[in-house]
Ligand code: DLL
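To begin, one chain is listed below as structure tokens, in the form predicted on its own.
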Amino acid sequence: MPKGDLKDLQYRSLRALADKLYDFNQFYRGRMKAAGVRPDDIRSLDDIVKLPFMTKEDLRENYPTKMFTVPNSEIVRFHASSGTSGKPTVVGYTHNDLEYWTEALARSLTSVGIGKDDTLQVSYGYGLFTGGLGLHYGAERVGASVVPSSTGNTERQLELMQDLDVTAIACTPSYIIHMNTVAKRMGIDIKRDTCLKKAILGAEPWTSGMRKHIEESMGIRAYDIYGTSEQAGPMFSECEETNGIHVGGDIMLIEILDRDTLEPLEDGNEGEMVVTMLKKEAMPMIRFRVKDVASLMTGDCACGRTSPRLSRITGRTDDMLIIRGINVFPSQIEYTLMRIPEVGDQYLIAITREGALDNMLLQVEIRQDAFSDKVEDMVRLRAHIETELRRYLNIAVTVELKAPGELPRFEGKAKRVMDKRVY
């Protein structure tokens, strides 16, 4: 769609959404009145800045269904967050909500070349988590065969991958790395012994260095996919050019705002992402502060698609670690580690406080071929890693080297940070 036509479509959808919420949802009507804005004040797409923000705290305070704009008789499915950072959030779906979610994922899978000749192994969790069912229905929409393996039982998953000639997999980046480790232990070479060619990876931060490692070690192409449970679930992915995540602008409107002033930024500038879901019926969202940090990319994609492109997520405004006054994102640490050839796949960040000072301990597994019994070699390597981290993070980090397999593995989202500070 020409970009001008898309903006017109987005404005019409936004205006209709504002009218609906003002008339039929007590929460939104109260927020809009408090902000001194009515739907009639939204005369162009740029007027979206007049509308109030939503946050995850709003969802928790209105738990479980006070944010819904349809009766329960129209809800056909519920999903919920894990509640690890507070009270869980519940998301409801109408039949149409599931249709546009499936459509978004069908577009995403098509953009990475997955279709009726493929078998997709879905190794995201099925259940209240949105990942598994989302990819499942998207894959069926494009005609692919689906292996709904969910998470866990990794050895059996690898057997199914071989037996069913699986060509693509959808899971977290940490889990596919874990699968590769288990495969090697079983004597399976994924490059040689499977038909796997593509991986759709998301649900946790990962870097371009991690992509390179996965692709080279497994002989596959790895694609980033984005979405949150509040929006619907995983929805939008990179295309085969792997140069930004294509966002269905008819489904979701993205703003990138300055993290301090919350003022709009020009495309190409990194800031806090705010999303408006233009088609949701059960639980619409206007200007939801996702807390992810990214940018909207400039120029056109070589694939020919004209949809807005979102850069790789570089961090979150709410998982940012403040260490002795310096802002640090776990993704920055991973980026640095992936540039050091001797470093393996696994690491763990432990934050402690001694008196008034914060300390960061980074436990890092070393590759088998780089691990040495000579103390001087390990001391030299540890010093090199600490120097690189200081150079990229501008903060001193204590590194503790671990042998291959010594750190814990996770079959779902990797737990990379242990913040032990007491405030």
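In this text, residue numbers run from 1 along the sequence as written. These numbers come from a predicted model, not from an experiment.
As for the form predicted in complex with the named molecule, it is not shown, yet the points below apply to it.
Please tell me whether any heavy atom belonging to G138 falls inside 4.5 Å of a heavy atom of the named molecule, as the geometry stands in the predicted complex. No, no contact at 4.5 Å.
Do S81 and the named molecule come within 4.5 Å of each other in the predicted complex, heavy atoms counted? Within the cut-off, so yes.
Contact with the named molecule in the predicted complex for A203, defined as at least one heavy atom pair within 4.5 Å: yes or no? Yes, contact at 4.5 Å.
Can you check whether E272 is within 4.5 Å of the named molecule in the predicted complex, heavy atom basis? Output for E272 is no: heavy atoms all beyond 4.5 Å of the named molecule.
For the named molecule, considered in the predicted complex: do all three of Y175, S331 and M360 come within 4.5 Å of it, counting heavy atoms only? No: no residue has a heavy atom within 4.5 Å of the partner.
Partner-contacting position among A183, I225, M210, V147 - heavy atom within 4.5 Å of the named molecule in the predicted complex: When the named molecule is considered in the predicted complex, the option within 4.5 Å is I225.
Heavy atom within 4.5 Å of the named molecule in the predicted complex: which of G92, G244, P284, G233 fits that? Just give me the one. Exactly one residue meets the criterion: G233.
Contact stretch among 108-116, 210-218, 275-283, 289-297 - heavy atom within 4.5 Å of the named molecule in the predicted complex: That would be 289-297.
Members of 115-133 lying within 4.5 angstroms of the named molecule, judged by heavy atom, in the predicted complex: Read in sequence order, the residues that approach the named molecule (within 4.5 Å, in the predicted complex) are Y124, F129, T130, G131.
Looking in the predicted complex, are the Cα atoms of F329 and A232 closer together or farther apart than here, the change being 3 Å or more? Pair moves closer in the predicted complex.
With a C-alpha distance change of 3 Å or more, do E61 and M320 lie closer or farther in the predicted complex? They are closer; the C-alpha distance drops by 3 Å or more in the predicted complex.
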